[in-house]
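Here we start with a single chain on its own, the form predicted alone, put down as structure tokens.
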């Protein structure tokens, strides 16, 4: 058998403008690229481990997790996970028993619902506003808290389809009023924008290192109030230095090393979120001039945006390449990230892309429409 397809792996998107929301804020910094090679071996951070991942001092995992990240998030305790979904599962599994009930926003990521299913707990969804905004009004949590007495409430901040940012702080006040644990899924926010856990009134936050913190994945983190530390991070009776919910250890190699290496740049860019947001809003206004329709909050509050693109869909009906024409035309112009076959609607992210490159993207969409305008007749 020819194994060259496995041993000569390459990506086709090098040096292209990438609009994929899963990847825009996960691109490694130059420092992380170097560390990726240095710590590529599976257990590369464990050379000086005495049995607790978060206590490793060389490399400085302990300082990173015990000091730097809690300050960054304004929380009491941080632990590394294998991603945001693992963080959500850890919270659910440690705070609930089978058949308990939790509240989850209707825009929650599928992995949150799978985590709940794995815990054998009941999920009550807090409805969104439906099209054209699909936003969550957190006031709708209150009557459901009264009715179901949930063991946990969860809010996606922002949700991953439309980039809507719900009023997390208002929900924090509601959670406190009813004394119910409150978790924020920040897979698309921590590492992109400021997130202050205590200011928002949350008890937990989870983050995705590979989605929003310029780390090779899978890696993430969970932040929490000290009140829940002994419950969520309970130790094994047989192996007293191992956290049960983490199965002892989580990230043991390049993933956490790149998370640490990228952090100085991540911390810096979070402080420039206002400029990132202005750029996203500018882009939105420009493509709307071409006939795109933003599905979500306006003015938009995040770099992740979802557009209905009827003009492109009408072209695809008559184009010889059908729905794949857009992907091919964009790639020809050095742009990727819109999934092949998608013309009726799609989501994208402007995070980390320069204004100059975004001008290129707008121009590309404009050119593609003009070159195929005869198909709109």
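Being a predicted model, the structure only gives us computed values, none of them experimental. Numbering follows the first chain given and starts at 1.
Below: the form predicted in complex with a further copy of the same chain, not depicted.
Participant: Are all three residues 164, 299 and 341 in contact with a further copy of the same chain in the model of the complex, where contact means a non-hydrogen atom within 4.5 Å?
Facilitator: Contact check failed for every one of 164, 299 and 341.
Participant: Go through 173, 114, 139, 293 and name the one with a heavy atom inside 4.5 Å of a further copy of the same chain in the model of the complex.
Facilitator: By the 4.5 Å criterion, the partner-contacting residue is 114.
Participant: Within 4.5 Å of a further copy of the same chain in the model of the complex, heavy atoms considered, which of 103, 280, 193, 90?
Facilitator: When a further copy of the same chain is considered in the model of the complex, the option within 4.5 Å is 90.
Participant: At the 4.5 Å heavy atom threshold, is residue 22 in contact with a further copy of the same chain in the model of the complex?
Facilitator: Result yes; residue 22 sits at the interface with a further copy of the same chain in the model of the complex.
Participant: Quick one: is residue 239 in contact with a further copy of the same chain in the model of the complex, heavy atoms, 4.5 Å cut-off?
Facilitator: Taking the distances in the model of the complex, the answer for residue 239 is yes, it comes within 4.5 Å of a further copy of the same chain.
Participant: Does residue 218 reach a further copy of the same chain in the model of the complex if we count a contact as any heavy atom within 4.5 Å?
Facilitator: Yes.
Participant: At 4.5 Å between heavy atoms, is residue 8 in contact with a further copy of the same chain in the model of the complex?
Facilitator: Heavy-atom contact with a further copy of the same chain at 4.5 Å: present for residue 8.
Participant: Spot the stretch among 246-254, 164-172, 303-311, 145-153 with residues whose non-hydrogen atoms come within 4.5 Å of a further copy of the same chain in the model of the complex.
Facilitator: That would be stretch 246-254.
Participant: Determine the residues of 79-99 with a heavy atom within 4.5 Å of a further copy of the same chain in the model of the complex and present them in sequence order; the list may be empty.
Facilitator: Contacts from 79-99: 82, 83, 85, 86, 89, 90, 93, 94, 96, 97, 98.
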